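In the form predicted on its own, a lone chain appears below as structure tokens.
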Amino acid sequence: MNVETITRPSLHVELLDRLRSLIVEGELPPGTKIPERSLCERYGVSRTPMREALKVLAVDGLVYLEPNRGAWVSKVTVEELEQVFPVMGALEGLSGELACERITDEEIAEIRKIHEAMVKHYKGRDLVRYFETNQAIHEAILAAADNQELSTMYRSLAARVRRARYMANMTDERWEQAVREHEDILEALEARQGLKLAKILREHLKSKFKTVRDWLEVQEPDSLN
């Protein structure tokens, strides 16, 4: 087995990021037991940092821990997401409003570049790269809001939203709509129209939730929850 060694100074953060990605992107599917031993070997770490990372992911809602049975990937339910998405929408809206008050011309120019890359991936039907650039835009808006408390709350929910989004099949119609919504997001940001951007971001999350909910509701009853 190849060892994907993590450097010691950033071990905790990097290990968290890698485990989170395994869950969000579906390599560790909902309801499965997390293979702690093989993951320790894969990343060249001991059981102690692995278990500490799993505790953090449990707080984030991606993992649940069972005494004497180990860690399991949390299941995904419509009921859970009905609570998560509105809160995330409110946080997205606030980040947009604050960003419009504080963002620099240079930050807007960088977000436009990311947006253009996202559109390129959309036209190339590269869903993985599209998701990466899409998320980078939201992260850049959050960074421009420059509010640490908001960032902390946002990131505590972001992985759960991203995981649900990765899992759901996105129709061509919904994909096209999402790109149009991002055009509106960029336009409002460039005009520094905070209230308008906040509304667009909240509606954007509602649309994402509809896509996820519709997909979940047609799955086998016991496949995810």
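We call the rigid core the largest set of C-alpha positions that still match within 1.5 Å between the two forms. Not measured: the values here are computed from a predicted model. Just count from 1 along the sequence shown to find any residue number.
Beyond the structure shown, there is the form predicted together with the DNA, which is absent from this document and is the topic of what follows.
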Problem - Pro49, heavy atom within 4.5 angstroms of the DNA in the model of the complex - result: yes
Problem - Partner proximity in the model of the complex: Glu187 to the DNA, non-hydrogen atom cutoff 4.5 Å - result: no
Practice task
Determine whether any heavy atom of Leu216 comes within 4.5 Å of a heavy atom of the DNA in the model of the complex, and answer yes or no.
Solution key: no
Problem - Contact label in the model of the complex: Arg37 to the DNA, heavy atom within 4.5 Å - result: yes
Problem - Candidate stretches 155-163, 29-37, 192-200, 178-186 - the one whose heavy atoms come within 4.5 Å of the DNA in the model of the complex - result: 29-37
Problem - The unique member of Met170, Val45, Met167, Val63 whose heavy atoms fall within 4.5 Å of the DNA in the model of the complex - result: Val45
Handout entry: Core fit, then Ile200 C-alpha moves 2 Å or more between the shown form and the other one
Key = no
Exercise for the section: Please check if Ile111 moves between the shown form and the other one, taking a CA shift of 2 Å or more relative to the superposed core as movement. Expected result: no
Problem - Did Ala99 shift 2 Å or more between the shown form and the other one, C-alpha, core superposed - result: no
